[in-house]
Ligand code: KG4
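Let's start with one chain on its own, the form predicted on its own, as structure tokens.
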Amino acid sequence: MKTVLGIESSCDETAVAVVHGGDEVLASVVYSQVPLHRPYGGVVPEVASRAHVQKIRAVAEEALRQAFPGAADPWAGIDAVAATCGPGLAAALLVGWSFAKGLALALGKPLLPVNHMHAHLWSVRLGHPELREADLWPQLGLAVSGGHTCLVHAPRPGGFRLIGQTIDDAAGEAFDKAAKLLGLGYPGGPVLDRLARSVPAGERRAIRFPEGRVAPDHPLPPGLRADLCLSFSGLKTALLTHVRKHPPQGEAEVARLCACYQTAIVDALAKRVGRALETLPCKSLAVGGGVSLNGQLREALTALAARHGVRLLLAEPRYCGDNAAMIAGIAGAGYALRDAEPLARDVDPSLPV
């Protein structure tokens, strides 16, 4: 089994990890740029790419020290180098992918390109070698993050078919924009989740927000189902309109507003997952991405999985956000992108699932 060094730089996390056999994490180091982007209320691509350049070498060296403590030449323990080549922010991707190319050439090791979204769905396997022999396919995957929201059906390991996605904003972006509007800071998802927990379940639909349906005749790429797609732009507009008409007075009203808004997002996601489980053969449901940390979403998906008799696989909290362990893991398991000339490959910010 391969020991792979993985590199992730698709957005605002500079991450390097060493993973053996696809799921045994020897080291996972993440430099978070949240403090750099907090003053802007969101990720600034130029700031992100500059920070990647400044930190990536030190992060890689720290990952090697943790993976092979005391080794005279820790680089000798690496069998291959993997890195995200898309999707993501172009300038940010370029830093990690270029660094990976240089390492692969210097070490004389294979270079393995990885699709960031595939890796999020693989993150449920990290730290769980018992899943190697588990019967998990066909599998439904939900990847929910700050930049992406999509449903993927995998009839076999490594086979990914996009069946639904947001046609505008991602779920994570919807959380962040709401937090910015309400003056709650960045990132918004954890803040909204915390405030929503203080609101009784019976009050979480007191304010009705739009579900974000996609019309059956909406033009979609081949293979996508309108009933499995989402739209969050109207939800953000609805929140803005509500706040202008009914400015929340006090923390309790802000919390109730957060709870109702979060419920609209969770309901929309859960409804699409439920429809997919009803109409497609599935033995498991894999959920990854930063938004998968949301407590209300986890509760809804747990209930759905039990109702449909499928195994629910949730990434461990430390692997929910962007991290390099998922990059190294999926590559080490043999599910990197196939490319005869990876060194000639360029990054693809819009790389499809």
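Nothing here was measured: the structure is a model prediction, and the numbers come from that model. Start at 1 with the first residue shown and count on from there.
Omitted here: the form predicted together with the named molecule. The next part is about that form.
Chemist: Within 4.5 Å, heavy atoms only, one stretch in 168 to 176, 95 to 103, 72 to 80, 211 to 219 touches the named molecule in the predicted complex. Which?
Modeler: Selected stretch: 168 to 176.
Chemist: Using a 4.5 Å heavy atom cut-off, state whether Leu293 contacts the named molecule in the predicted complex.
Modeler: Result yes; Leu293 sits at the interface with the named molecule in the predicted complex.
Chemist: Quick one: is His118 in contact with the named molecule in the predicted complex, heavy atoms, 4.5 Å cut-off?
Modeler: Residue-level check for His118: no, no contact with the named molecule.
Chemist: Should Gly164 be counted as a contact of the named molecule in the predicted complex, where contact means heavy atoms within 4.5 Å?
Modeler: Answer no; every heavy atom of Gly164 is more than 4.5 Å from the named molecule in the predicted complex.
Chemist: Is Gln139 a contact residue for the named molecule in the predicted complex, using a 4.5 Å heavy atom cut-off?
Modeler: Outside the cut-off, so no.
Chemist: Can you work out which of Val59, Ala67, Cys320, Ala48 has a heavy atom no more than 4.5 Å from the named molecule in the predicted complex?
Modeler: Checking each option against the named molecule in the predicted complex, the one that comes within 4.5 Å is Cys320.
Chemist: Taking the named molecule as it sits in the predicted complex, which residues of 145 to 172 have a non-hydrogen atom within 4.5 Å of it? Please list them.
Modeler: Residues within 4.5 Å: Ser145, Gly146, Gly147, Gly172.
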